[in-house]
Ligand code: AMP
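A lone chain, given as structure tokens: the form predicted on its own.
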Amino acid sequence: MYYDLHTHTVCSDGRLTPEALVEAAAAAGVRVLAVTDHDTVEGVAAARASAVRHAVRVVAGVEISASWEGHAVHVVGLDLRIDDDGLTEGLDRLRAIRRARGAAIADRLAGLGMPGAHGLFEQCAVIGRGHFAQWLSAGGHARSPGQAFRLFLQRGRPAYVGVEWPALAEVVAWLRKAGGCVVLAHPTRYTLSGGRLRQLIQAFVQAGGDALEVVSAGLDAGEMGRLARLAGQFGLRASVGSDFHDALPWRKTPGGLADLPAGCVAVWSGRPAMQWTEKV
């Protein structure tokens, strides 16, 4: 699969610079790469500059958290006009929400005898719980970022801070106004029953959503087939994305994704800026 349409850089919670992400993607055989950092498009320009040297097409994207009936869900916008005023205002609002939550988390950690997390704000403009999990792990407060989540950052744990993200329909509207193709990211991660997932997808369609992320890292053929059927039933296109953040023992590079299941309409269909050609 030449495509990877869901990746992150140091501009949000990834571990690679935009340039290094492009280089890693090119080495892995990716030819169309979407940079989809959380709540920022800051890395797109640098990735595009690097892509010229690697025969990779970079798609301007972003990943946004949204609220749906008490659940936080993630929406990816692809092929965006990154200078759109409405998108810029929306992303500014989201980063303000993140900063407020991050400050509250750092305060709670300090109250638990772990001061110093406020320094994370000097490293990145878009702070998420992943940054705190890494910080806790690096500081010896947990054996791994995953354990840090379980001990401190998950709902019900002592450093958890809830947040109300903008409504799903509002987020979809921002992305559509910016010319984007709007994708519901990693649908199987929301711990929803089959019926509730269908309700979420229906709400996404009614809001103007375009596509479902059908192929993701870690999904087996059965799960991808199920998502492909849901995409077809709801008239959605199908996207592919690794959600790459960092080189891990079980996923060292972006890409490496399975082909879309038969019968899917690819998210890049009809969008020349998202299609791979010999000359990108």
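In this text, residue numbers run from 1 along the sequence as written. Being a predicted model, the structure only gives us computed values, none of them experimental.
What comes next is about the form predicted together with adenosine monophosphate (AMP), which does not appear here.
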**Q.** Full three-residue contact with adenosine monophosphate (AMP) in the model of the complex, heavy atom 4.5 Å, for T188, G195 and R226
**A.** no
Q | Which of 124 to 132, 195 to 203, 177 to 185, 106 to 114 sits within 4.5 Å of adenosine monophosphate (AMP) in the model of the complex, heavy atom basis | A | 124 to 132
(Q) Can you pick out, from P158, G119, G146, G139, the residue that has a heavy atom within 4.5 Å of adenosine monophosphate (AMP) in the model of the complex? (A) G146
**Q.** Contacting member of R93, H71, R101, R81, with respect to adenosine monophosphate (AMP) in the model of the complex [4.5 Å, heavy atom]
**A.** R101
Q) Is R48 close enough to adenosine monophosphate (AMP) in the model of the complex to count, meaning some heavy atom within 4.5 Å? A) no
(Q) Within 4.5 Å, heavy atoms only: does H38 come near adenosine monophosphate (AMP) in the model of the complex? (A) yes
(Q) If we define contact as a non-hydrogen atom of the residue within 4.5 angstroms of the partner, is H54 a contact of adenosine monophosphate (AMP) in the model of the complex? (A) no
Q) Using a 4.5 Å cut-off on heavy atoms, what residues in 1 to 27 are near adenosine monophosphate (AMP) in the model of the complex? A) D13
